[in-house]
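As C-alpha coordinates, the next two blocks hold two forms of the same chain, structure 1 and structure 2.
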Structure 1
(Lines of atoms letter the chains of each structure in order from A and count residues from 1; the text may use other names and numbers.)
(Lines give C-alpha, C1' and ligand atoms only; values in the text may rest on other atoms or scores of the structure.)
Protein backbone atom coordinates (compact mmCIF):
# COMPACT_ATOMS: atom_id res chain seq x y z
CA UNK A 1 0.00 0.00 0.00
CA UNK A 2 2.86 2.40 0.74
CA UNK A 3 4.16 1.93 -2.80
CA UNK A 4 0.69 2.42 -4.33
CA UNK A 5 0.10 5.53 -2.23
CA UNK A 6 3.18 7.16 -3.78
CA UNK A 7 2.12 6.49 -7.38
CA UNK A 8 0.88 9.54 -9.36
CA UNK A 9 -2.31 7.66 -10.32
CA UNK A 10 -3.40 7.45 -6.67
CA UNK A 11 -2.20 10.87 -5.49
CA UNK A 12 -4.61 12.52 -3.05
CA UNK A 13 -6.49 9.29 -2.28
CA UNK A 14 -6.81 7.49 1.04
CA UNK A 15 -5.74 3.87 1.49
CA UNK A 16 -9.38 2.81 1.59
CA UNK A 17 -10.17 4.66 -1.64
CA UNK A 18 -7.15 3.09 -3.34
CA UNK A 19 -8.20 -0.40 -2.28
CA UNK A 20 -11.77 0.15 -3.50
CA UNK A 21 -10.54 1.51 -6.83
CA UNK A 22 -8.24 -1.44 -7.41
CA UNK A 23 -11.18 -3.74 -6.74
CA UNK A 24 -13.52 -1.71 -8.99
CA UNK A 25 -10.96 -1.76 -11.80
CA UNK A 26 -10.37 -5.50 -11.41
CA UNK A 27 -6.82 -4.96 -10.28
CA UNK A 28 -4.46 -7.91 -10.58
CA UNK A 29 -0.90 -7.99 -9.32
CA UNK A 30 1.42 -10.26 -11.22
CA UNK A 31 5.04 -11.07 -12.01
CA UNK A 32 6.54 -11.37 -15.47
CA UNK A 33 9.91 -12.84 -16.33
CA UNK A 34 12.67 -11.08 -18.22
CA UNK A 35 11.99 -11.25 -21.96
CA UNK A 36 8.22 -11.61 -21.59
CA UNK A 37 6.01 -9.66 -24.01
CA UNK A 38 3.31 -7.65 -22.22
CA UNK A 39 1.79 -5.91 -25.25
CA UNK A 40 2.35 -6.72 -28.92
CA UNK A 41 2.41 -4.15 -31.69
CA UNK A 42 -0.96 -4.25 -33.49
CA UNK A 43 -2.90 -5.73 -30.56
CA UNK A 44 -6.03 -4.16 -29.06
CA UNK A 45 -5.65 -3.20 -25.41
CA UNK A 46 -8.48 -3.15 -22.83
CA UNK A 47 -6.44 -2.76 -19.64
CA UNK A 48 -3.41 -0.80 -18.55
CA UNK A 49 -0.53 -1.53 -16.22
CA UNK A 50 1.65 0.13 -13.60
CA UNK A 51 5.22 -1.05 -13.26
CA UNK A 52 5.90 -1.78 -9.58
CA UNK A 53 9.33 -3.35 -10.01
CA UNK A 54 11.78 -3.79 -12.90
CA UNK A 55 12.19 -2.16 -16.32
CA UNK A 56 10.26 -2.38 -19.57
CA UNK A 57 11.19 -1.43 -23.12
CA UNK A 58 8.94 -0.48 -26.01
CA UNK A 59 10.12 -1.20 -29.53
CA UNK A 60 8.59 -0.80 -32.96
CA UNK A 61 9.07 -2.67 -36.21
CA UNK A 62 9.59 -0.12 -38.98
CA UNK A 63 8.35 -0.44 -42.56
CA UNK A 64 11.72 -1.83 -43.67
CA UNK A 65 11.62 -4.51 -40.96
CA UNK A 66 14.18 -2.88 -38.69
CA UNK A 67 13.63 -2.69 -34.94
CA UNK A 68 13.58 0.71 -33.21
CA UNK A 69 13.60 1.27 -29.45
CA UNK A 70 11.05 3.99 -28.70
CA UNK A 71 10.75 4.00 -24.91
CA UNK A 72 12.10 2.65 -21.64
CA UNK A 73 9.86 2.47 -18.57
CA UNK A 74 10.92 2.49 -14.93
CA UNK A 75 9.21 1.85 -11.61
CA UNK A 76 5.98 3.79 -11.12
CA UNK A 77 5.35 4.39 -14.81
CA UNK A 78 2.12 3.38 -16.54
CA UNK A 79 1.61 1.81 -19.94
CA UNK A 80 -1.46 1.26 -22.11
CA UNK A 81 -3.48 3.96 -20.33
CA UNK A 82 -4.13 5.90 -23.54
CA UNK A 83 -5.01 2.83 -25.60
CA UNK A 84 -7.87 1.78 -23.30
CA UNK A 85 -9.81 4.85 -24.46
CA UNK A 86 -9.10 4.19 -28.14
CA UNK A 87 -9.92 1.61 -30.78
CA UNK A 88 -6.43 1.98 -32.18
CA UNK A 89 -4.04 -0.96 -31.93
CA UNK A 90 -0.87 -0.79 -29.86
CA UNK A 91 1.85 1.09 -31.80
CA UNK A 92 4.71 -0.71 -30.03
CA UNK A 93 5.65 -4.05 -28.53
CA UNK A 94 6.39 -3.85 -24.80
CA UNK A 95 8.97 -6.29 -23.43
CA UNK A 96 10.30 -6.90 -19.91
CA UNK A 97 13.99 -5.99 -19.72
CA UNK A 98 14.17 -7.55 -16.24
CA UNK A 99 11.94 -9.64 -14.02
CA UNK A 100 9.02 -7.31 -13.20
CA UNK A 101 6.03 -6.86 -10.93
CA UNK A 102 2.96 -5.35 -12.57
CA UNK A 103 -0.35 -4.01 -11.30
CA UNK A 104 -2.91 -4.51 -14.08
CA UNK A 105 -6.09 -2.39 -14.06
CA UNK A 106 -9.10 -2.42 -16.34
CA UNK A 107 -11.23 -2.48 -18.31
CA UNK A 108 -12.01 1.09 -17.33
CA UNK A 109 -15.54 1.75 -16.07
CA UNK A 110 -15.81 5.52 -15.54
CA UNK A 111 -19.05 5.17 -13.57
CA UNK A 112 -17.15 3.23 -10.89
CA UNK A 113 -13.98 5.31 -11.01
CA UNK A 114 -13.12 7.83 -8.29
CA UNK A 115 -13.05 11.45 -9.61
CA UNK A 116 -9.57 11.97 -8.14
CA UNK A 117 -8.23 8.95 -10.03
CA UNK A 118 -9.81 10.20 -13.26
CA UNK A 119 -8.14 13.58 -12.72
CA UNK A 120 -4.79 11.93 -12.03
CA UNK A 121 -5.13 9.78 -15.13
CA UNK A 122 -5.99 12.77 -17.33
CA UNK A 123 -3.04 14.67 -15.87
CA UNK A 124 -0.72 11.79 -16.74
CA UNK A 125 -2.07 11.54 -20.28
CA UNK A 126 -1.68 15.32 -20.72
CA UNK A 127 1.93 15.04 -19.56
CA UNK A 128 2.58 12.27 -22.07
CA UNK A 129 1.01 14.38 -24.83
CA UNK A 130 3.33 17.25 -23.95
CA UNK A 131 6.33 14.89 -23.89
CA UNK A 132 5.38 13.68 -27.38
CA UNK A 133 5.07 17.30 -28.54
CA UNK A 134 8.58 17.98 -27.22
CA UNK A 135 9.97 14.88 -28.92
CA UNK A 136 8.51 15.97 -32.27
CA UNK A 137 10.07 19.42 -31.79
CA UNK A 138 13.50 17.90 -31.09
CA UNK A 139 13.30 15.56 -34.08
CA UNK A 140 12.45 18.53 -36.31
CA UNK A 141 15.92 20.00 -35.66
CA UNK A 142 18.15 18.97 -38.55
CA UNK A 143 21.51 19.39 -36.79
CA UNK A 144 22.20 16.48 -34.43
CA UNK A 145 24.34 18.71 -32.22
CA UNK A 146 21.56 21.28 -31.85
CA UNK A 147 19.04 18.49 -31.28
CA UNK A 148 21.15 17.07 -28.45
CA UNK A 149 21.73 20.50 -26.95
CA UNK A 150 18.02 21.41 -27.05
CA UNK A 151 17.12 18.15 -25.33
CA UNK A 152 19.75 18.59 -22.61
CA UNK A 153 19.23 22.32 -22.06
CA UNK A 154 15.50 21.72 -21.39
CA UNK A 155 16.55 19.49 -18.48
CA UNK A 156 19.43 21.57 -17.19
CA UNK A 157 18.78 23.77 -14.15
CA UNK A 158 21.80 26.01 -14.70
CA UNK A 159 25.22 25.91 -16.36
CA UNK A 160 27.61 23.76 -14.36
CA UNK A 161 24.88 21.98 -12.36
CA UNK A 162 24.71 18.20 -13.01
CA UNK A 163 21.38 16.58 -13.91
CA UNK A 164 20.13 13.20 -15.10
CA UNK A 165 18.09 12.19 -18.13
CA UNK A 166 15.59 9.29 -18.09
CA UNK A 167 17.36 7.32 -20.84
CA UNK A 168 20.40 5.17 -21.37
CA UNK A 169 22.33 5.87 -24.56
CA UNK A 170 20.16 3.60 -26.72
CA UNK A 171 17.00 5.16 -25.34
CA UNK A 172 18.33 8.67 -25.86
CA UNK A 173 19.22 7.85 -29.47
CA UNK A 174 15.76 6.43 -30.10
CA UNK A 175 14.06 9.43 -28.46
CA UNK A 176 16.06 11.88 -30.58
CA UNK A 177 15.66 9.81 -33.74
CA UNK A 178 19.42 9.51 -34.07
CA UNK A 179 21.85 6.72 -34.86
CA UNK A 180 23.31 5.47 -31.60
CA UNK A 181 26.93 5.60 -32.84
CA UNK A 182 26.44 9.08 -34.31
CA UNK A 183 24.97 10.27 -31.01
CA UNK A 184 27.94 8.93 -29.04
CA UNK A 185 30.43 10.53 -31.43
CA UNK A 186 28.71 13.91 -31.22
CA UNK A 187 28.53 13.77 -27.43
CA UNK A 188 32.24 12.97 -27.31
CA UNK A 189 33.04 15.93 -29.58
CA UNK A 190 30.88 18.26 -27.47
CA UNK A 191 32.70 17.11 -24.35
CA UNK A 192 36.11 17.66 -25.97
CA UNK A 193 35.03 21.18 -26.92
CA UNK A 194 34.01 21.95 -23.32
CA UNK A 195 30.30 22.26 -24.08
CA UNK A 196 29.28 19.51 -21.68
CA UNK A 197 30.42 16.59 -19.60
CA UNK A 198 28.66 13.30 -18.88
CA UNK A 199 28.84 9.91 -17.23
CA UNK A 200 26.17 7.44 -18.33
CA UNK A 201 22.86 9.33 -18.00
CA UNK A 202 24.24 12.15 -15.84
CA UNK A 203 25.11 15.35 -17.72
CA UNK A 204 26.49 18.81 -17.03
CA UNK A 205 26.16 21.69 -19.47
CA UNK A 206 28.78 24.42 -19.29
CA UNK A 207 27.16 26.84 -21.75
CA UNK A 208 23.63 28.20 -22.00
CA UNK A 209 23.55 28.46 -25.78
CA UNK A 210 25.45 27.17 -28.83
Structure 2
Protein backbone atom coordinates (compact mmCIF):
# COMPACT_ATOMS: atom_id res chain seq x y z
CA UNK A 1 0.00 0.00 0.00
CA UNK A 2 2.77 2.33 1.03
CA UNK A 3 4.27 1.63 -2.36
CA UNK A 4 1.05 2.01 -4.32
CA UNK A 5 0.32 5.41 -2.83
CA UNK A 6 3.43 6.83 -4.47
CA UNK A 7 2.71 5.53 -7.94
CA UNK A 8 1.85 8.20 -10.50
CA UNK A 9 -1.19 6.16 -11.47
CA UNK A 10 -2.72 6.62 -8.04
CA UNK A 11 -1.60 10.18 -7.38
CA UNK A 12 -4.20 12.31 -5.65
CA UNK A 13 -6.30 9.35 -4.55
CA UNK A 14 -7.12 8.21 -1.05
CA UNK A 15 -6.16 4.75 0.16
CA UNK A 16 -9.80 3.74 0.01
CA UNK A 17 -10.20 4.93 -3.56
CA UNK A 18 -7.03 3.14 -4.57
CA UNK A 19 -8.21 -0.13 -3.07
CA UNK A 20 -11.60 0.15 -4.69
CA UNK A 21 -10.07 0.93 -8.08
CA UNK A 22 -7.65 -1.96 -7.88
CA UNK A 23 -10.60 -4.18 -7.15
CA UNK A 24 -12.55 -2.75 -10.08
CA UNK A 25 -9.54 -3.37 -12.28
CA UNK A 26 -9.31 -6.97 -11.10
CA UNK A 27 -5.88 -6.31 -9.68
CA UNK A 28 -3.78 -9.28 -8.77
CA UNK A 29 -0.21 -9.53 -7.65
CA UNK A 30 2.12 -11.96 -9.30
CA UNK A 31 5.72 -13.02 -9.44
CA UNK A 32 7.78 -13.87 -12.48
CA UNK A 33 11.28 -15.15 -12.48
CA UNK A 34 14.26 -13.87 -14.38
CA UNK A 35 14.03 -14.60 -18.07
CA UNK A 36 10.26 -14.93 -18.23
CA UNK A 37 8.40 -13.31 -21.09
CA UNK A 38 5.59 -11.05 -19.91
CA UNK A 39 4.39 -9.84 -23.26
CA UNK A 40 5.21 -11.49 -26.54
CA UNK A 41 5.60 -9.45 -29.69
CA UNK A 42 2.53 -9.91 -31.89
CA UNK A 43 0.25 -10.90 -29.03
CA UNK A 44 -2.95 -9.10 -28.13
CA UNK A 45 -2.97 -7.61 -24.67
CA UNK A 46 -5.94 -6.76 -22.48
CA UNK A 47 -4.34 -5.98 -19.16
CA UNK A 48 -1.43 -3.91 -18.05
CA UNK A 49 1.02 -4.15 -15.20
CA UNK A 50 2.93 -2.17 -12.65
CA UNK A 51 6.41 -3.30 -11.78
CA UNK A 52 6.64 -3.51 -7.99
CA UNK A 53 10.07 -5.07 -7.86
CA UNK A 54 12.74 -6.03 -10.38
CA UNK A 55 13.68 -4.89 -13.87
CA UNK A 56 12.15 -5.48 -17.29
CA UNK A 57 13.39 -4.97 -20.79
CA UNK A 58 11.56 -4.47 -24.07
CA UNK A 59 12.92 -6.24 -27.14
CA UNK A 60 11.93 -5.86 -30.75
CA UNK A 61 12.76 -8.00 -33.72
CA UNK A 62 13.05 -5.98 -36.91
CA UNK A 63 11.81 -7.09 -40.28
CA UNK A 64 15.26 -8.46 -41.11
CA UNK A 65 15.33 -10.53 -37.95
CA UNK A 66 17.75 -8.47 -35.92
CA UNK A 67 16.98 -7.90 -32.29
CA UNK A 68 17.11 -4.49 -30.65
CA UNK A 69 16.56 -3.30 -27.11
CA UNK A 70 13.78 -0.79 -27.01
CA UNK A 71 13.40 0.14 -23.35
CA UNK A 72 14.27 -0.78 -19.81
CA UNK A 73 11.77 -0.53 -16.98
CA UNK A 74 12.47 -0.05 -13.30
CA UNK A 75 10.41 -0.23 -10.13
CA UNK A 76 7.18 1.74 -10.21
CA UNK A 77 6.90 1.84 -13.97
CA UNK A 78 3.90 0.63 -15.93
CA UNK A 79 3.83 -1.49 -19.03
CA UNK A 80 1.12 -2.42 -21.49
CA UNK A 81 -1.03 0.52 -20.46
CA UNK A 82 -0.87 1.99 -23.94
CA UNK A 83 -1.33 -1.33 -25.62
CA UNK A 84 -4.70 -2.05 -24.06
CA UNK A 85 -6.16 1.00 -25.77
CA UNK A 86 -4.76 0.13 -29.16
CA UNK A 87 -6.17 -2.39 -31.55
CA UNK A 88 -2.70 -3.35 -32.63
CA UNK A 89 -0.70 -6.35 -31.46
CA UNK A 90 2.24 -5.84 -29.13
CA UNK A 91 5.17 -4.43 -31.10
CA UNK A 92 7.69 -5.48 -28.47
CA UNK A 93 8.53 -8.47 -26.34
CA UNK A 94 8.82 -7.77 -22.64
CA UNK A 95 11.31 -9.86 -20.72
CA UNK A 96 12.12 -10.02 -17.01
CA UNK A 97 15.74 -9.07 -16.48
CA UNK A 98 15.54 -10.18 -12.84
CA UNK A 99 12.98 -11.85 -10.63
CA UNK A 100 10.01 -9.48 -10.47
CA UNK A 101 6.90 -8.70 -8.50
CA UNK A 102 4.06 -7.33 -10.54
CA UNK A 103 0.63 -5.86 -10.01
CA UNK A 104 -1.59 -6.85 -12.91
CA UNK A 105 -4.55 -4.64 -13.76
CA UNK A 106 -7.31 -4.89 -16.32
CA UNK A 107 -9.31 -5.19 -18.41
CA UNK A 108 -10.48 -1.69 -17.72
CA UNK A 109 -14.07 -0.52 -17.76
CA UNK A 110 -13.82 3.23 -18.23
CA UNK A 111 -17.31 3.89 -16.93
CA UNK A 112 -16.30 2.35 -13.63
CA UNK A 113 -12.92 3.95 -13.36
CA UNK A 114 -12.23 6.92 -11.14
CA UNK A 115 -11.72 10.15 -13.13
CA UNK A 116 -8.55 10.88 -11.21
CA UNK A 117 -7.10 7.55 -12.20
CA UNK A 118 -8.05 8.17 -15.81
CA UNK A 119 -6.40 11.54 -15.61
CA UNK A 120 -3.25 10.00 -14.19
CA UNK A 121 -3.30 7.40 -16.91
CA UNK A 122 -3.63 10.05 -19.59
CA UNK A 123 -0.81 12.07 -18.06
CA UNK A 124 1.43 9.05 -17.99
CA UNK A 125 0.72 8.13 -21.58
CA UNK A 126 1.11 11.73 -22.69
CA UNK A 127 4.46 11.85 -20.92
CA UNK A 128 5.61 8.72 -22.67
CA UNK A 129 4.49 10.17 -25.97
CA UNK A 130 6.59 13.28 -25.52
CA UNK A 131 9.50 11.19 -24.38
CA UNK A 132 9.41 9.39 -27.72
CA UNK A 133 8.95 12.70 -29.48
CA UNK A 134 12.05 14.00 -27.77
CA UNK A 135 14.07 10.98 -28.77
CA UNK A 136 13.01 11.48 -32.36
CA UNK A 137 14.07 15.09 -32.15
CA UNK A 138 17.54 14.00 -31.10
CA UNK A 139 17.76 11.34 -33.76
CA UNK A 140 16.91 13.94 -36.37
CA UNK A 141 20.18 15.73 -35.71
CA UNK A 142 22.61 14.55 -38.35
CA UNK A 143 25.91 15.33 -36.71
CA UNK A 144 26.70 12.87 -33.94
CA UNK A 145 28.51 15.52 -31.96
CA UNK A 146 25.57 17.91 -32.07
CA UNK A 147 23.24 15.07 -31.26
CA UNK A 148 25.21 14.13 -28.17
CA UNK A 149 25.51 17.73 -27.14
CA UNK A 150 21.81 18.45 -27.55
CA UNK A 151 21.04 15.48 -25.33
CA UNK A 152 23.57 16.33 -22.64
CA UNK A 153 22.66 19.99 -22.76
CA UNK A 154 19.01 19.24 -22.11
CA UNK A 155 19.87 16.95 -19.24
CA UNK A 156 22.16 19.60 -17.87
CA UNK A 157 19.57 22.37 -17.75
CA UNK A 158 17.07 19.91 -16.30
CA UNK A 159 19.32 18.48 -13.62
CA UNK A 160 22.10 20.96 -12.95
CA UNK A 161 25.85 20.30 -12.96
CA UNK A 162 27.14 17.79 -12.60
CA UNK A 163 24.34 15.48 -13.61
CA UNK A 164 23.89 11.81 -14.32
CA UNK A 165 22.22 10.11 -17.26
CA UNK A 166 20.05 7.04 -16.69
CA UNK A 167 22.04 5.00 -19.18
CA UNK A 168 25.23 3.08 -19.46
CA UNK A 169 27.19 3.70 -22.64
CA UNK A 170 25.36 1.03 -24.54
CA UNK A 171 22.02 2.45 -23.51
CA UNK A 172 23.04 5.98 -24.28
CA UNK A 173 24.29 4.96 -27.70
CA UNK A 174 21.04 3.13 -28.38
CA UNK A 175 18.97 6.08 -27.26
CA UNK A 176 20.85 8.48 -29.51
CA UNK A 177 20.96 5.82 -32.04
CA UNK A 178 24.63 5.81 -32.53
CA UNK A 179 27.35 3.23 -32.44
CA UNK A 180 28.76 2.75 -28.96
CA UNK A 181 32.37 3.10 -29.99
CA UNK A 182 31.56 6.16 -32.05
CA UNK A 183 29.86 7.66 -29.03
CA UNK A 184 32.86 6.95 -26.83
CA UNK A 185 35.17 8.39 -29.42
CA UNK A 186 33.19 11.58 -29.72
CA UNK A 187 32.89 11.97 -25.96
CA UNK A 188 36.66 11.61 -25.66
CA UNK A 189 37.20 14.28 -28.27
CA UNK A 190 34.80 16.65 -26.56
CA UNK A 191 36.57 16.06 -23.27
CA UNK A 192 39.94 16.77 -24.85
CA UNK A 193 38.56 19.99 -26.30
CA UNK A 194 37.41 21.07 -22.87
CA UNK A 195 33.73 21.03 -23.78
CA UNK A 196 32.80 18.65 -21.01
CA UNK A 197 34.05 16.17 -18.49
CA UNK A 198 32.62 12.85 -17.41
CA UNK A 199 33.16 9.69 -15.50
CA UNK A 200 30.92 6.77 -16.30
CA UNK A 201 27.40 8.18 -16.43
CA UNK A 202 28.21 11.38 -14.53
CA UNK A 203 28.70 14.41 -16.79
CA UNK A 204 29.68 18.03 -16.43
CA UNK A 205 29.21 20.52 -19.25
CA UNK A 206 31.54 23.50 -19.48
CA UNK A 207 29.82 25.35 -22.32
CA UNK A 208 26.17 26.08 -22.91
CA UNK A 209 26.21 26.06 -26.70
CA UNK A 210 28.25 24.36 -29.35
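Note that the rigid core is defined as the largest set of C-alphas that superpose within 1.5 Å between two forms. Here the structure is a predicted model, which is why all the values come from computation and not from measurement. Residue numbers count along the first chain shown, from 1.
A.B. asks: Given these two structures of one chain, say which is the form predicted together with a further copy of the same chain.
C.D. replies: The form predicted together with a further copy of the same chain is the one given as structure 2; the other form is structure 1.
A.B. asks: Once you line up the core, how about residue 174: does its CA shift reach 2 Å between structures 1 and 2?
C.D. replies: Yes, shifts by 2 Å or more.
A.B. asks: For residue 45, does the CA position differ by 2 Å or more between structures 1 and 2 when the superposition is done on the rigid core?
C.D. replies: Where the cores coincide, residue 45 shows only a C-alpha shift between structures 1 and 2 that is less than 2 Å.
A.B. asks: After superposing the rigid core, is the C-alpha displacement of residue 36 2 Å or more between structures 1 and 2?
C.D. replies: Shift at residue 36: below 2 Å after core fit.
A.B. asks: I need the CA movement of residue 158 between structures 1 and 2 once the rigid core is aligned, reported in Å.
C.D. replies: A shift of 7.7 Å.
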